[in-house]
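Taking the form predicted alone, here's one chain by itself in structure tokens.
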């Protein structure tokens, strides 16, 4: 008999009427022949109320006691849900995280799941019960109650589906996953399917439907996740290996409003510089988002990165000693910027996506301050007062509000071969450990660097349109500030066979796009680390930088995404770099399931 895990968020169990409605959905699934596990969150704003009570007593309550307190919210919900099912004439048993057998580490407030025992749940299911599991919580080896942090109930649901070999349904207050946040972009459209990687990127960009941690789990164990509205019986969105329309190139757009940008100009272009900078920031418990390092010239390079606006001041404090230690020429920052991104699994298979995005922004007179690209994402940094115009511009240019009538139906696309997630999960120790799926080397590329171009709207669009007209495919694109002089640096990679033609295109553009210096490295190597958990395990980039520095390798370019970190080194260092990274991540390398 198949098993379904149904998760109901706080708004879906906010009242006894809604709890009864959720109970009826579980009963219906059981009557259709499934065994059912429900995962429920605390009712409505219950968690906020408990946090407020704690802060009435003390400003910084002990983390262990906060977990003890907050776990009671789910305990109320599971008991009431069980009562609702019994009142409707069916069997139900409620279980806390500890009673289920969810064992975690002891990082109170942000615990990670180590293992899950299925014996008790399976026995209760076989006896005809609907099992109601408390989301968001577990127990450590000392029997302390722990909570899983933000998105914890989603993580509970997906992890239970993984170890039970079950389907997972997430019931929430929206109809599914949209092409953009419908609260921000009113013309956003619900998609029928989206891939794990697309959802990971969108979740990292602030899409509130699901937290990235639960999607990491789903991808790791190949658990299809069905996002549905708890109030209406609609089709929702299925998150799996399949995208709705890969031929479109772009499947979603997002904006992150409160970003701050830090630029380090004149960084010594030598091994260890990147590691020194970002290790120091990590030690201050600051999460860095976009990282771009352009191709250096004259022994110097420029590094720009973004952090949440609230972390700008401590970031500047953290990097100041490194600025002095490395002899960095200048540090500048802006606290009024936002990140706008487009995401699409089909982007890797077609050219011209970046050109269209940059031109759409240029036509709205929106200036791009930073650019970073990955296989399935392009992110740009713009002035915050232009962020809303920017998200609408990119959403419109890719016609995300309209379904492609020529698209191959997602249901008929070839899915990844299914695995037995329960067996896989039960074989592993540390279900939420970082999983590196690929360490790769691309030795086919060359790098181009344009220094001192005007930081005005339309520059990137003009350059890449001209390059595309020559049928030259661009891979990585990196743009960052040089300093406070309103100039920028633009670096990108192309196939080695195209480097001379690309330089010629740029030189022909000089009258239209003036620049100070044009340089190239005709033979570079791109080293990439791909995996699951790169967002929730923030030390991946630092581990890369540190291992390469210890091996004496100099990093020429950097860009990052949710599922991949790329660095460019000279081709002469390619083989050593690949072996160095394989050794650095030997403990977490795992083939894709």
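Values in this document were obtained by computation on a predicted structure and should not be read as measured data. The term rigid core refers to the most C-alpha atoms you can superpose between the two forms while keeping them within 1.5 Å. Positions refer to the first chain, counted from 1.
The same protein also exists as the form predicted in complex with a small molecule; that form is not shown, yet it is the one meant from here on.
*Asks:* Give a yes or no for residue 216: in the model of the complex, does one of its heavy atoms lie within 4.5 Å of a heavy atom belonging to the small molecule?
*Replies:* Contact with the small molecule, no.
*Asks:* Does residue 42 make contact with the small molecule in the model of the complex, using a 4.5 Å heavy atom cut-off?
*Replies:* Answer yes; at least one heavy atom of residue 42 falls within 4.5 Å of the small molecule in the model of the complex.
*Asks:* Is residue 136 close enough to the small molecule in the model of the complex to count, meaning some heavy atom within 4.5 Å?
*Replies:* Judged by the heavy-atom cut-off of 4.5 Å, residue 136 is in contact with the small molecule in the model of the complex.
*Asks:* Could you tell me if residue 151 has a non-hydrogen atom within 4.5 Å of the small molecule in the model of the complex?
*Replies:* Close contact exists here: in the model of the complex, residue 151 approaches the small molecule to within 4.5 Å, heavy atoms only.
*Asks:* Please tell me which of 554, 528, 47, 547 lies within 4.5 Å of the small molecule in the model of the complex, judged by heavy atoms.
*Replies:* Partner contact (heavy atom, 4.5 Å) among the options: 47.
*Asks:* Residues in which of 322 to 330, 152 to 160, 273 to 281, 300 to 308 have heavy atoms within 4.5 Å of the small molecule in the model of the complex?
*Replies:* Result of the contact check: 152 to 160.
*Asks:* How about residue 573 - superposed on the rigid core, does its CA move between this form and the one not shown by 2 Å or more?
*Replies:* Comparing the forms between this form and the one not shown, which are aligned on their rigid core, residue 573 does not shift its C-alpha by 2 Å or more.
*Asks:* Cα of residue 109 displaced 2 Å or more between this form and the one not shown, core superposed?
*Replies:* Where the cores coincide, residue 109 still shows a C-alpha shift between this form and the one not shown that is 2 Å or more.
*Asks:* So that I can tell if residue 449 moves, could you say whether its C-alpha shifts by at least 2 Å between this form and the one not shown after the core superposition?
*Replies:* It does not reach a 2 Å shift.
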